[in-house]
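Only one chain is included here, represented as structure tokens and corresponding to the form predicted on its own.
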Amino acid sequence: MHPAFSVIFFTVSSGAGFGLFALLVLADLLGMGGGLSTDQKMTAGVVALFLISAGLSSSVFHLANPKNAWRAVTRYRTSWLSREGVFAIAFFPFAIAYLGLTWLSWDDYNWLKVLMGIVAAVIAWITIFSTGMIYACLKTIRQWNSPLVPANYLALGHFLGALLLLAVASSGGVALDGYVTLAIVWLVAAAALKAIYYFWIANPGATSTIKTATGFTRGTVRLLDTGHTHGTFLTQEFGFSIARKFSLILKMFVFIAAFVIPAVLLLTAQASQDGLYLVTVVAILGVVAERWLFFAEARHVVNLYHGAQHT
């Protein structure tokens, strides 16, 4: 699949934003590290809303006709893309109410703030899951048609969110041990799920063949003619190819930048705010590379009818 920058930015930015907000609510309810100050909660909340808004805005540019974007949220009964849009829109009123009540600090309405925060966090989780299901539900792309995809989206979104929350908490006033532990837990979960996913898609059985595509699995199927001599929309949009050597190099970069370097820096730079900012930036670069590879390695079954496989 063609790795469009707008979709890569959207999935990374919105995933980090939803993950950050959900973990902010969790940290607030548990009073992690003695409790974040009001300014720190507002900073984390505003950063989360900015990342989500920027991601959603970027996704509009991926539409062939952006003025019809409203149609994308009207098919929620059958489309995960529509459900993602509906839940993303539903998230904002609860998130803004939670931040507003946090800023006002009305003790009599603390129960309402908690309720708004919990609802916003649950919607954030559902939205990230819906984003992953947009790809996982596509049976025409075997590399995506797996529960590992939404699990990876949830883990990576919360991993980046945990790093951003740790960076905000490092501005002072709270003990960072709990936030560091939270980031490391999500780092380990995201790295493990990513390693399983890469192992799974490397399995020959995880790719479609001209036999499985036609249903003639017991016979010999041969493509006689592609029907064209030049590239088409299908071959350009669904036929992106990447060399195996380059893919392996990029996977190494993903693990080093997104997981190894942050793990080392998290364990050695807990007291350094600059070090935590560096961890976050490096991890984001690693996840951007991971998301580019996620699209670049996907093989749509339609390519089999355009010469991608002859037998």
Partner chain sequence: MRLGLVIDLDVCVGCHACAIACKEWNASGTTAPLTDYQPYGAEPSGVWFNRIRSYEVGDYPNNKTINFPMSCMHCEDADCVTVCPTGASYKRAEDGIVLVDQTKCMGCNYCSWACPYGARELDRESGTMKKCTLCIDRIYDTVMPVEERQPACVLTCPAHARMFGDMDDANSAVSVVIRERGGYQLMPELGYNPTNHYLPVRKATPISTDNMGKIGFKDRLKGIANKIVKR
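Only a predicted model underlies this, so the values are computations on that prediction, with no experimental measurement involved. Positions refer to the first chain, counted from 1.
Not pictured, yet referred to below: the form predicted in complex with the partner chain.
- Of the candidate stretches 134-142, 119-127, 87-95, 170-178, only 134-142 has residues whose heavy atoms lie within 4.5 Å of the partner chain in the predicted complex.
- Interface residue among T214, S241, S105, N203, judged by heavy atoms within 4.5 Å of the partner chain in the predicted complex: T214.
- Mapping the unseen interface onto this chain, M252 falls outside it, with no heavy atom inside 4.5 Å of the partner chain in the predicted complex.
- In the predicted complex, V185 stays away from the partner chain, with no heavy atom inside 4.5 Å.
- W292 falls outside the set of residues with a heavy atom inside 4.5 Å of the partner chain in the predicted complex.
- Proximity of L63 to the partner chain in the predicted complex falls within the 4.5 Å heavy atom cutoff.
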